[in-house]
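The chain below stands alone and is given in structure tokens; this is the form predicted alone.
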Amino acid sequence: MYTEKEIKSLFELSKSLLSRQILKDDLDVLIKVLHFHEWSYSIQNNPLISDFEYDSLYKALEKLEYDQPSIIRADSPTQRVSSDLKNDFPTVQHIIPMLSLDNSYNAEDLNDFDRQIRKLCNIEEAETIEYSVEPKFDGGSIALIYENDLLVRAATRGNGNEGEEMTANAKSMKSLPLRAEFSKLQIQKAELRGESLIRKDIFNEVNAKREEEGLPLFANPRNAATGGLRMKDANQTGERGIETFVFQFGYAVDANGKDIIPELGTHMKSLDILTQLGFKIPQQERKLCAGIDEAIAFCAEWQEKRDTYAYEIDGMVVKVNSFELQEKCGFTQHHPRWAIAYKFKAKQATSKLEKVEYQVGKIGAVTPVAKITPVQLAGVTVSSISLHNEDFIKSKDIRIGDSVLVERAGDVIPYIVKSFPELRDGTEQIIEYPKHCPVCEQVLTRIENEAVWRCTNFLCEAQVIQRMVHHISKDAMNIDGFGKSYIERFHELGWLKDISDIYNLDYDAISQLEGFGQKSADNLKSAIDIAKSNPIHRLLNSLAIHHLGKKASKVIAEKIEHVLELKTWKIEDFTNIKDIGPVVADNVSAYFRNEANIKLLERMESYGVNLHQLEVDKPKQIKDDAPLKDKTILFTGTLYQMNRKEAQLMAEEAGAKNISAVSSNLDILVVGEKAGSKLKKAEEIGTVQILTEQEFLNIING
């Protein structure tokens, strides 16, 4: 539909419009740009700007048309809903049009929405309006028709009036009942609205499997879900783990064609009914709010905890709860007036890759870091993003000068989703990975089957600093108040040459430094003295031995009385320990064969650092008749007689091993209230013993 030249031109026009005030004279260009992005997003599944940027352009058009209604054109995006229609599947007509939602981004927008509802329904300020608030799922919208209690048709949203029929694919989703007893409600025919999506952990599993098979990875769960809805083979749709949340009735009539929806009374009651009929409905994540202030607070609460949720959500939907009031509010051509989407802060944006810098880690890994034009993501300015390794750069075809789509995974870690080759003008440069360490000039090496290039110079200044930073970190020696800035400053002063020097600092000299003083020096000394008494599993983990993490450090610490015993261990002494593989064995053995490392540990011991096994390092003694000996166990849901950590400790003392996920390796699942997806998965496996909290305690107490 668009040539390569047109794509570049329209992208640049988009950026220009976003960077300045949009005027009436921009109307034609603005409409053209919005049509282009609708095509790019919905037809190509390849958005070139973020949702927030698109919404900003759309709202600018709405404002122009609101201020001057005479300029509204028949082809304006505000006069129709967007389309994701393709020709791959038969086209079918929706019974009731599937409209879009108006968007808001702050509390004031929601207050304006409340004022509009009051005006439309003639409701005084003193009266309370009930609002239902529920997640705005980031997946693919579908319409489901049930007739005489049977699922007879499913279709994508399409252009809002008609969509693509994909009934076979819908039937492959276990979250959708093939039969639902609508007849008990005198409903002969119903059209439901839902959102199909993939749980985040399932998405990771799907991508891991695709990586094993050499297939391209999905950029995000939404792409994987919307693509799965259109699979030619319904079995493949089922294999993707797509689920459908139903979020409302669109249409419901009895055998005489009478509309049943008004008799249901409220939206929340209708969702409760759909839950009882066996549909997947948001539960604890939806709320009936007494007034707009409570709705605003609930939206803000979910913005903070969105990343703890099992599914991708990009906002919350606020709806007038009463069907009677919904009827009074009515609809525009684009959206219902009684509902609005509260969009979370942007997690994606477009930017430009300006240059690539290289950082050296504690074990010599050289990591490329993209420096991009600063961009706002979820309330934070992002300018640096890890490119992970050379293979990542090549697989994404990322070049210096590229326009890139940036995302904050979990609102924490910046990530480059993709570049936009179609926007290149020829000035972009292929990224040449360095052959030498950017700090010490050592020739870089790459071990077979590893993705990273490494500097093998153990004395490389960057590695020395990073090893010390790791040593003091929370998961290692946990020296409170001793941060990276102290390490760098003391190293520059010549006080820290390796990790042993951390325990032999001159606190009088520290107290004289600008920004310190005697109290700061005393606090630092106290924290370091506490760390000297740490158990040896922490010390082992702090040594930055490649692949030796917390778990392996603990199981090795259980087998020794003193850390320096390891200098006499052979490879098989390590591999004879359960959970210690040959790679860890080789790396730990090599570390303790190095005389310089032994001298470092001896210096640390002379400075008072504990190298002896403490009681906490010793393995727990499990009796032969322990009630859960050799069992694996997992806790899910809300527990009331104990907290999660107490339960896990009780399980360990009873001989069980705590694991983190439901799989065929799980023996026991203990379920509290609102157990959720883990319970469902365990039931599907069939071999997992499912216990209530009380049944677990009964076993523990004999």
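In this text, residue numbers run from 1 along the sequence as written. Fair warning: this is a prediction, and the values are worked out from it, not measured in the lab.
Heads up, the form predicted in complex with ligand IVH isn't pictured, but that's what we're talking about next.
- Although ligand IVH is omitted here, in the predicted complex all of R157, Q248 and P336 have a heavy atom within 4.5 Å of it.
- In plain terms, the part of the chain that comes close to ligand IVH in the predicted complex, with a heavy atom within 4.5 Å, is 313-321 out of 449-457, 160-168, 313-321, 500-508.
- Taking the partner from the other structure, ligand IVH in the predicted complex has no heavy atom within 4.5 Å of any heavy atom of D402.
- When contacts are judged by a 4.5 Å heavy atom cut-off, L524 does not count as touching ligand IVH in the predicted complex.
- Taking the partner from elsewhere, E195 is found to have a heavy atom lying within 4.5 Å of ligand IVH in the predicted complex.
- With a 4.5 Å cutoff on heavy atoms, P135 counts as touching ligand IVH in the predicted complex.
- Listed residues T78, S141, N534, T266 were compared with ligand IVH in the predicted complex; S141 is the one with a heavy atom within 4.5 Å.
- For the residues S100, S270, Q348, S589, the 4.5 Å heavy atom test against ligand IVH in the predicted complex is passed only by S100.
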